[in-house]
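A single chain, nothing else alongside it, follows as structure tokens in the form predicted on its own.
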Amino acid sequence: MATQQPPFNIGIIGCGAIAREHLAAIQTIPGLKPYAYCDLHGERAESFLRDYGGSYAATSPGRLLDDPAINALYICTHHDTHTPLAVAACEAGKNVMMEKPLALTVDECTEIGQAAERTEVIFMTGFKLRYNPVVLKSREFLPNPTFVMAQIMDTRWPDDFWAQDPVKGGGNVLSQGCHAMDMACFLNGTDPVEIFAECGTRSHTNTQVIDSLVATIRFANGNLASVAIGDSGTVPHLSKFAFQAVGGGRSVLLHDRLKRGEYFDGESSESVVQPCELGMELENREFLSAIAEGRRPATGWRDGLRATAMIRAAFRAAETRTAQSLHLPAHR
């Protein structure tokens, strides 16, 4: 992978709320330059062009894919469109920032990974949670936790929310639960090898979308994790995102949307408070660095595949009442 020099022109495909979060972060980062916007609803793309500047707005991804001036594409669309757009971006030689989840099935994730490897583009999966400073400090403070507890518990998603749609979004367990799975792996520092789970539809009616999941995970190093995902209500103090890790007499609590970390060494505690959520900005800085240095980013396609594979294995475990083994592609 050859190194490149910033600034890098970026194209946004999918002009919704998450794209605005990326652009708010990008505005603080010299080196990433908003250049073009695409959305099936042309007025959304035009709105982004007015708000963030650039060269043009479009309703067809093809215009951005064919534009030699664009160095990287941000894919921020409905989840069922991720695979064809990601493969097309790789084939067009564009570096890719893919919003989570990478895709809704393991086969689709594999197809994306094969395209990224074949074309040697810089491909990043947007797992912003692990880039928060309190999370990185946790890895330094407790690199080998005996047990991790990961929780993503949201307020109830509206029935007509697109991500709750079984085809477009897959529901909250697939859509945002991938964050919990990625964090469980990151805090443990290794891959999962086995998972057992209970899951079901507890918050919604008239749908088959799984909205609640509790899983037990065993990792290659023998450590364990417990993961809870749902939209039955946010927990006061802990917030939507909460993670705990314990081992060797030490413990960590990460909460308040990962703006706060509590670190206990067995004798004394330290609290670290961030003024705001920093994961989105720092993951975009990592993307910029990976492009400039011609290297793999910290969260690549394999991390996205792993998270989706864990959730799909958890669904199978609940259905079959048996623990499921996980077989992931080797690190490259």
Ligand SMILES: NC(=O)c1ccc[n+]([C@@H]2O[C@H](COP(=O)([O-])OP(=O)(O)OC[C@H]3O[C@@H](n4cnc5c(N)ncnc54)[C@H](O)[C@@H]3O)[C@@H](O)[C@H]2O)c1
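If you're wondering where the values come from, they're calculated on a predicted model, not measured in any experiment. Residues carry their position along the shown sequence, with the first being 1.
Another form exists, predicted together with this ligand; not displayed. Remarks below refer to it.
With this ligand omitted here, the record of contacts in the predicted bound form names 97-105 of 245-253, 196-204, 226-234, 97-105, defined by a heavy atom within 4.5 Å. A heavy atom within 4.5 Å of this ligand in the predicted bound form is found for one listed residue only; from I29, A292, L40, V272, this is L40. A heavy atom within 4.5 Å of this ligand in the predicted bound form is found for exactly one of G126, G170, G261, P145: G126.
Although the partner is absent from this view, C76 contacts this ligand in the predicted bound form, with a non-hydrogen atom inside 4.5 angstroms. In the predicted bound form, this ligand sits beyond 4.5 Å of every heavy atom of Q114. None of the heavy atoms of M153 is located within 4.5 Å of this ligand in the predicted bound form. This ligand in the predicted bound form is not approached by M310, whose heavy atoms all lie more than 4.5 angstroms from it. Residues I13, G14, C15, G16 of 1-16 are found to place at least one heavy atom within 4.5 Å of this ligand in the predicted bound form.
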